[in-house]
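Shown next as structure tokens: one chain only, the form predicted on its own.
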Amino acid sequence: MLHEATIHKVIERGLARGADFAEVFVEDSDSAAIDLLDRKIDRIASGNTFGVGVRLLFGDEVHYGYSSDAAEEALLELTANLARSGRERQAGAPAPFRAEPVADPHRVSIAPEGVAKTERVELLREVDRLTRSHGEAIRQVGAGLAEKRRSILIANSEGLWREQSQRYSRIRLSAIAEQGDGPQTGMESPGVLGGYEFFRELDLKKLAAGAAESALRMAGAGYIAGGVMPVVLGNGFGGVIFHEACGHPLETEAIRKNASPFVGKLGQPVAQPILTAIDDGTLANRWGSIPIDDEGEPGRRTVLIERGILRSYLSDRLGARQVGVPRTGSARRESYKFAPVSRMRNTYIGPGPNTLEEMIASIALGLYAKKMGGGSVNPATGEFNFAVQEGYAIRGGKLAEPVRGATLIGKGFEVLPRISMIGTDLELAAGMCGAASGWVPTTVGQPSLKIDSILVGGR
């Protein structure tokens, strides 16, 4: 990807200009996408990303620059310009590079390059047909395949030299139904860290039913009356609330800036003993997994909350040093254009002892938020506001009519202690997370769980 001698010179130049630490990040990635809308191919796109990022640390100061020009002189000039002054100094030579292989458990059975585009087009047409088969009320279907190969090389002044290549595959399906009061959308978007085998192994009937039936149920639903009430939160993508309202504040990127309600809370109870939360970069073929992070650290399993006690933050090099915690292999970036910071990988609440039926039966009047939609959060305060994509009233311990227009409003650190029941039905869901270092693939997840009281917005 880049000559070792060139990388060595870039690192040497950074140290000579006063840096305490120098790092080179090289990326060479290919991406492809096909979208279908209303039975027609709407977009076919492909592209390549190549570039080099150079990071210099001067104590706790980060100087970062990047270039798509990999010529040695261009990179040496970039590195010199990043330094705080133009004065050279006598600096020790960087450590010799040590190429260290990292175990990669993520299988790729079918290389995407060997599959014709016509097969992808036929898959999209079939999932469109299956979705429309759920009735004439399905007025619009959109579907798309996205694939990416990401190859990176990381080298630094401590002698680290690690290379890695990953493949991502994801499908997106949306169905819009109209019956009653306006259109409603159902969505499914599973993905893996893996090859084309993901698409061939997909249960297309189940995928289509998930999007179509959710849209149809909500299209005929009435509006919920808001208020403070108990809520059962559905498994899988329901974990987006923990991800946004608690996961981001547990990253050292927030902790080191004192912009988190969890500052200074390690070793303290933050939830009931029933709750354990984990961020794991090692799960085989999961969308958010990383054999190594974007600083070259091996991916790890990190227990964030253990039986209600806060045990760990998610850290990168700088955050670990400033906060005084171990590195967790959580440094991530969208591309060579971003400096790495601590980010989530596969973040989920672990399974508990309860069933969904037990949770529903324990509520006289409340809401079952089966599927969550989008929302917003303030990581510094933990305040969030998330839409419920598919919801049902709970009356007398039983599921009642579908309801639309619900939003869940609260603060993550206040909601955690109110989780009193957790199901056995753990499920994970793929997503994209945007933060200071761009957009990265992450997985959210949880079993069904009961929140004893939360503010539900409605009409």
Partner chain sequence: MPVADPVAFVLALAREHREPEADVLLARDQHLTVKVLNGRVENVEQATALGLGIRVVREGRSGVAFTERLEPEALERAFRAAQENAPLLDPTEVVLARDLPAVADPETLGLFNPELEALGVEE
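Computed from a prediction, not measured in an experiment: that's the story for all the values here. Residue numbers count along the first chain shown, from 1.
Although not depicted, the form predicted in complex with its partner chain is the subject of the following passage.
G65 is the sole member of G410, G431, G65, G405 with a non-hydrogen atom lying within 4.5 angstroms of its partner chain in the model of the complex. The contact with its partner chain in the model of the complex, taken as any heavy atom within 4.5 Å, belongs to L82 out of L82, L216, A209, M229.
For the candidate spot formed by D42, A45 and Y336, every residue has a non-hydrogen atom within 4.5 angstroms of its partner chain in the model of the complex. Just one listed stretch, out of 366-374, 252-260, 140-148, 270-278, contacts its partner chain in the model of the complex at the 4.5 Å heavy atom level, and that stretch is 252-260. Within this chain, D28 lines the site of its partner chain in the model of the complex, having a heavy atom no more than 4.5 Å away.
Although the partner is absent here, L78 is a contact residue: one of its heavy atoms lies within 4.5 angstroms of its partner chain in the model of the complex.
Taking non-hydrogen atoms only, R125 approaches its partner chain to within 4.5 angstroms in the model of the complex. A residue is said to contact a partner when one of its heavy atoms sits within 4.5 Å of a partner heavy atom; E414 fails this definition for its partner chain in the model of the complex, lying far away.
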